[in-house]
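What follows is one chain in structure tokens, specifically the form predicted on its own.
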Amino acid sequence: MASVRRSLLGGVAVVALATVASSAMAQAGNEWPTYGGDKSNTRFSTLDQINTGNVKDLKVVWMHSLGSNDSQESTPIIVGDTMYVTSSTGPKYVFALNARTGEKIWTYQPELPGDYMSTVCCGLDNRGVAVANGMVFFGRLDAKLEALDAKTGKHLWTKTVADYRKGYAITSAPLIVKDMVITGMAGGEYGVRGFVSAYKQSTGELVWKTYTIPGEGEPENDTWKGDSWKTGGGSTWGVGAYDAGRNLVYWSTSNAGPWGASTRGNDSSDIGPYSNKWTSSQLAFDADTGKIVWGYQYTPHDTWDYDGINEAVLTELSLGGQKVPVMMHADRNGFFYVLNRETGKLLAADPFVTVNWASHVDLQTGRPVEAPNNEKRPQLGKWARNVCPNLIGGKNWSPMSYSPQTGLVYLPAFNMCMDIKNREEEYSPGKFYLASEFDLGMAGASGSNLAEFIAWDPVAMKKAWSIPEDYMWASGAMTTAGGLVFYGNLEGKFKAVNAKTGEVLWQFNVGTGITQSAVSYSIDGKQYIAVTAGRLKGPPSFFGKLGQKMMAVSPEGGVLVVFAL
């Protein structure tokens, strides 16, 4: 494994920010070649045939069954005139479709072990594929990475990334960098030790593997009490980003394990040396070696399950008249962060939802300033009441989008709080390792709606506009040069919104809940909008009566719906 260098870089006072389009960021156009539209995760399409003036005429042009009814979270990938999309449950299927008509080109069904479902935390998710050099790559819930021939669907190779029986899984699409395919892994609720690993596309040979939690003899290992680092979480189940100019790969990390903090530190807001790096953090890796170039920790000594895996969105902002390369991140802990993506320096951190576990983030230390007297920090045998946001977060995995046209970020947010306390629990491989109990079925303070879709101004660090949603889990966002932002909700309503004003211009009910972002592409001069739909199944089970209401608003499903004028 490559040696690592770790450092937390402090902050500077926030100055006025003005957005500028970055010529270094290649945005999605006729194709949608990667999970985030581009490797900067902006989910912005330069297509404008469908716009604010004609979106009212959008119609369904074809549909395709995904063949499973668990939560559908896949992002379709379009290369040339072919669409590649996965289903949930393993994935159960990988499809190659004619992107004009939906006609099937090939279908591949992985062979998974019969017991893989027993060690998957929170839904049988698959978020899609990566495509490069005539190959299709995808991760599996049994913690394997697989490669197929893009034209025929023929199996090329399979690599075991980790042992699924110990709680490891792969839920998100991998990242293509040069001749490598790079993947993270899930398992933060099972006492795993997180990592990111890179493989040769041609053979599946391991190029590098870097653990997110430092082992004995590595820098920052002393931020862990005793040998708690061995089961410390820090999984990497979200998606990566890549800055080719700086040759940096960005990946964020999950909660510390177990959630209860007494085994790994002071179990107090006075965390002392036990920040538990690099959990609930943002990391930048050298793409060639896997060495950690810098790290920033969103939630030190996390005991709320403020899982920091949400995507990094890369762009450039103007600070005092100078262009600065930045990454933006809306964290589960309720703060919206802007970091210098070259150095890791904190530039801004402001709440985008109701936050009471901390008053603010100190820009000099980079650390959140917690509520006094451990009031909102759960401890061993002690409840913390009405903690906002709850552990599902101010924002969860559903991706946000950045539009260089408006300079706004569009994201789904939650209005939820919780009661939570820590308890003693023994580690057992392949079983939940939480050391925590909780009540998540608590609406937040800001009205009766449980969620909202937000347009966030990263210059003023405040909402530009928002749309209340009755139920949790508004979907991810996708913006276009036609002045539009698309998103869906748990009821199955797919909406087109004026990106400047927040006016809903069009909507269509697909019949089952939507959580993933839409995509856009063009073939023969015709623009299409595509979205996968299939109501959440796993997470609502944690929410008691509120969760039951979530599951009642739309049926389970599994469908890909494609629209055009």
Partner chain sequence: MKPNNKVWKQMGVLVLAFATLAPAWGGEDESGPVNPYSGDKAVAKEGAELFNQYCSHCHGPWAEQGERVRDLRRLRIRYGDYATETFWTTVHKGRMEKGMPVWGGVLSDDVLWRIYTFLETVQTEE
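Positions refer to the first chain, counted from 1. Keep in mind that what you see is a predicted model, and the values were worked out from it rather than measured.
Missing here is the form predicted in complex with the partner chain; even so, the following discussion is about that form.
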Answer option from Lys166, Lys421, Lys376, Lys178, heavy atom within 4.5 Å of the partner chain in the model of the complex: Lys421
Listed residue that, although the partner chain is not shown, lies within 4.5 Å of it in the model of the complex (heavy atoms), from Asn415, Ser436, Ser71, Asn489: Ser436
Partner contact for Met117 in the model of the complex: the partner chain, 4.5 angstroms, heavy atom: yes
Any non-hydrogen atom of Lys431 within 4.5 angstroms of the partner chain in the model of the complex: yes
4.5 angstroms heavy atom contact with the partner chain in the model of the complex for Glu425: yes
Contact flag, Met551 vs the partner chain in the model of the complex, heavy atom cut 4.5 Å: yes
Stretch in contact in the model of the complex with the partner chain, which is absent here, among 150-158, 135-143, 117-125, 92-100 (heavy atoms within 4.5 Å): 117-125
The partner chain in the model of the complex - contacting residues of 543-562, heavy atom within 4.5 Å: Phe543, Gly544, Lys545, Gln548, Met551, Glu556
